[in-house]
Structure formats: structure tokens, C-alpha cells
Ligand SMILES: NC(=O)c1ccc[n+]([C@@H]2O[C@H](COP(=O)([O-])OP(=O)(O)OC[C@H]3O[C@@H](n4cnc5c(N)ncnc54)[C@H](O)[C@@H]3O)[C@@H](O)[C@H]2O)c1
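Only one chain is given next, in C-alpha cells, and it is the form predicted alone.
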């Protein structure tokens, strides 16, 4: 059995560089041997930053030119199915960033290709590996707060998403691009699948920022009923401008649990009476979930070396996409939507 894993990074944007940092600086068994991105400038900048000599415009070029064991796919959602299936058919293990795909047919194609070729498929739900969330899940499972009854999850992002990420035709919008982690998190911590969703959305900041995308929204509030009778909500705001904010609250039969806080550090400063107390906040998602990303990559590499199944795979990615599709239908048709309408 090999003692190292050779990785090709597909994509050279922000999340790609977070994964590259993990691979290069925190996961010794991994070797980052190739980089793929159609944008020459992004490709060269990331290649230089992380010392990746082999750089290509397309995955097919990398497959023909470099020997590697796995791909980490961080490209826009509408490219995921083609890239993941190509990688699987070439026998490469896959870490696929969220959202998994645009629809369930694409999710199913990715899952089928991975299974047919015997490769690992791990979804990029890094909260499953974040120390705070892992500890919370263990304490819930141990029964500390009793059966979860109500779960509330929020993700508020500071900046306006790029054009492709706010268009329902290329991304399924903010509920996918910003809140995919919430969809996975509430299902994971509640221990139950979604049964029904109802969503309200609003557009407060789009006009002032020149956004004319059809069905654009920058605020979303999701209400969820789970199959086990539990209730949930997801709050999405992007851009929120004040910083990066990700928190969860679970009310159980015996008590309450809160995960995360707005403060970025346990430091409070007071310099004058008028200004009051000042404490740092998380400004970006890489800062908030630094160790989640590192441990996510450690798990991926370890699963490859040991031939183990990842903790979070294709079915988890598929459920998150199903939740987003139901939510989108809900706000477009202004009604509650049952998951059976989406799942068939």
C-alpha cells in the first residue's frame, strides 16, 4: 500500500487555495502534483504560491500528462458533474466541493460513476470535521440534551456572490452556494431527513449594487419539518457586510446547545467610554473554519490510504441539493414543498 497520495487540484480560486494550503502545509502524506484552471492568471498565481509546477487548462490535459491518485474539485457548480465523472472514469478519488451539482440527475451520475469505478467520493462539508461541530455532534449522540426538537442554523456571508453564483440557472442561488453547509448540518445534527420546507426570500441590497439577475435574493429564511417530527430553520444573508457568521442552536428535550459565536477571538478591548467594548469578529470563512478544512483533507487522504469510506459522501451531497431544490420551488411557487415532490 502506498504511503502517499498524489493530488490534482481542479480550480484555482479562493476555496482551492484553502485546500492547497491544507495539502501543502498540514497533510504530510499528500503531494500536490498538478493544478487545473482555465484562467491563465489564476492558474499561474496559485501555481507559484503553492509551488505546483504542472499546470493545465483542462482536467483531460492533466490526466494525459501527470500521474496522480485523486482530484480536489473546487470549480463552479455547473462544472461539477462533468469533472467528477471524468475523474471517476479515470480511476481518481474525488473530493468534491459543495454544492454537489445542479440537480439530482447530476448527483446520481456522479455517485454512479464513483461506484462503478471503485473510487472514493467525499463531499466538501467541512463542518463535519470542525472541532466545535464534531464535539457538539458527539454530545448530542450521547444524549446530553436529549432528543433534538428544534434546530436553527445560519450562515451569513460578507460579500456579494459572483454573477454565476447568484443565477438559479448556473448555481441554484444563495441557498446552495452560501447555505449548503446549513442544509447538511441541520440534517446531520437532527438525525433525520427533511420532510417539508417553506421559504421566504427578499432582495434588499441588489438594486443598489447593480444586480439585475432574475429571482435574485440576498436574504432567505427556510422553515423545515423533519421526518422524525423535529423542526428547523436556516437563515441566509449574503451580502451581510459585517463579516462571516456561522452559528447553530439545537433545543433538545433536556436542554439547549449552541455552536459558534459572532466573536472571532476571546479578546475584548475598551479604550474609551463612547466607543465601548470592541471584540474581533470572523471576517472570512477560511478563518472561521480553518481546522475544519485541514481535518477534512486529512480525512480524505486517510480514507484513500486505508481504503475506507468517507464520513460524508455522495448521499449527503444529494440530500443537500434536494433541500435546495425544494426550497427554490417553495419561494418561486409561494407554498410549502414536500421532499417527495423533488425525490420522486
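Because the structure is a prediction, the values reported are computed rather than measured. Positions refer to the first chain, counted from 1.
Beyond the structure shown, there is the form predicted together with the ligand, which is absent from this document and is the topic of what follows.
From the list 274-282, 297-305, 315-323, 30-38, the contact stretch for the ligand in the predicted complex under a 4.5 Å heavy atom rule is 30-38.
Proximity to the ligand in the predicted complex, taken as a non-hydrogen atom within 4.5 angstroms, holds for one residue of 86, 219, 213, 79, which is 79. None of 93, 166, 181, 156 but one reaches within 4.5 angstroms of the ligand in the predicted complex through a heavy atom, and that residue is 181. Taking the partner from elsewhere, every residue among 74, 98 and 124 has a non-hydrogen atom within 4.5 angstroms of the ligand in the predicted complex. The ligand in the predicted complex is not approached by residue 335, whose heavy atoms all lie more than 4.5 angstroms from it. In the predicted complex, the ligand lies farther than 4.5 Å from every heavy atom of residue 327. Though the partner is left out of this view, residue 24 does not reach within 4.5 Å of the ligand in the predicted complex, counting heavy atoms only. Contact check for residue 162: a non-hydrogen atom falls within 4.5 Å of the ligand in the predicted complex.
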